[in-house]
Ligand SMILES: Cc1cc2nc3c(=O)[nH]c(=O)nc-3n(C[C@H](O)[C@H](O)[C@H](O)COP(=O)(O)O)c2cc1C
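Just the one chain here, laid out as structure tokens, in the form predicted on its own.
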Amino acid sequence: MSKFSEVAVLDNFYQTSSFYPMPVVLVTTVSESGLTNIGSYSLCFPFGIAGDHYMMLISRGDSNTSLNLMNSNNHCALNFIPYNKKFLKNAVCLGYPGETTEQKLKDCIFTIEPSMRNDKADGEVYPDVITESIQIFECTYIDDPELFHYANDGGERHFLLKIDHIFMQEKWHKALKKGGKFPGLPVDYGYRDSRHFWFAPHSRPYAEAIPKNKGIDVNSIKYEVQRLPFELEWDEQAYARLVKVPRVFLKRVLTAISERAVKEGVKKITPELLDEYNKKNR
């Protein structure tokens, strides 16, 4: 006999009909008065992961965040705070509906500082960011129905946010490149039992090696290239030229190609360039 029973799929199913782990994100936007508003969100997920990079934010249609993005300013920042019970308690308060930006700022315990963008446009206003964050995505709301459109009359809004910049605390930036260490980001299970928000602490991930009999694919190569310290553009077709390189030698090969290209003044790695390098090495 099965151990499973069917659960009714209700509104807000991610918290009413399931156990669904989510991030904790403080979204900063610019209010009509020019103040930085802080809203607490968990329905914020990667949407476009190749080419142009996007996040999807789901919000109440009448929230301060929604109104600011639709009416005042299309810039926002996604601030990922660390697991800290004091921070999470305040995040719950900042997510409470019906309060003005001024009321939220009065109760806010976080430190805010100016946007770190280096491409600020004249006349544009950018929201402040939260100093205590582990990482920050500075984004722009793209209101283009040809890219994304979702018609919903349930009072919710879906915002396609183009990631303009990602900033990270230096120690975690180093850990990202080196691998092995992870920051303590909280896990949110949502508003459950009509009384509480439920959070879980970060636990240490473990590494599971890819089987040696499995080859490498284009995504594996892209992953390694993105972590190399070279300002080089790669043609999409160039990655495919390297799928037969043994995994154990991949980083060494990519480093050698990149160093050679930089030395020769090459700006873009193409399939033709890789073919040329391969012929010279024979």
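When you see a residue number, it is the position in the sequence shown, counting from 1. This one's a predicted model, so the numbers in the text were calculated from it and none came from an experiment.
There is also a form predicted together with the ligand; it is not shown, and the following applies to it.
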| query | finding |
| --- | --- |
| The ligand in the predicted complex reached by all of 79, 127 and 140, non-hydrogen atom within 4.5 Å | no |
| The single option of 97, 184, 114, 205 touching the ligand in the predicted complex, heavy atom within 4.5 Å | 97 |
| Heavy atom of residue 199 within 4.5 Å of the ligand in the predicted complex | yes |
| Exercise: residue 60 in contact with the ligand in the predicted complex, heavy atom 4.5 Å | yes |
| Close approach of residue 41 to the ligand in the predicted complex, 4.5 Å, heavy atom | yes |
| 4.5 angstroms heavy atom contact with the ligand in the predicted complex for residue 75 | no |
| Answer range among 41-49, 239-247, 253-261, 226-234 for contact with the ligand, defined in the predicted complex as heavy atoms within 4.5 Å | 41-49 |
| In the predicted complex, residues of 61-83 near the ligand [heavy atom within 4.5 Å] | 63, 64, 65 |
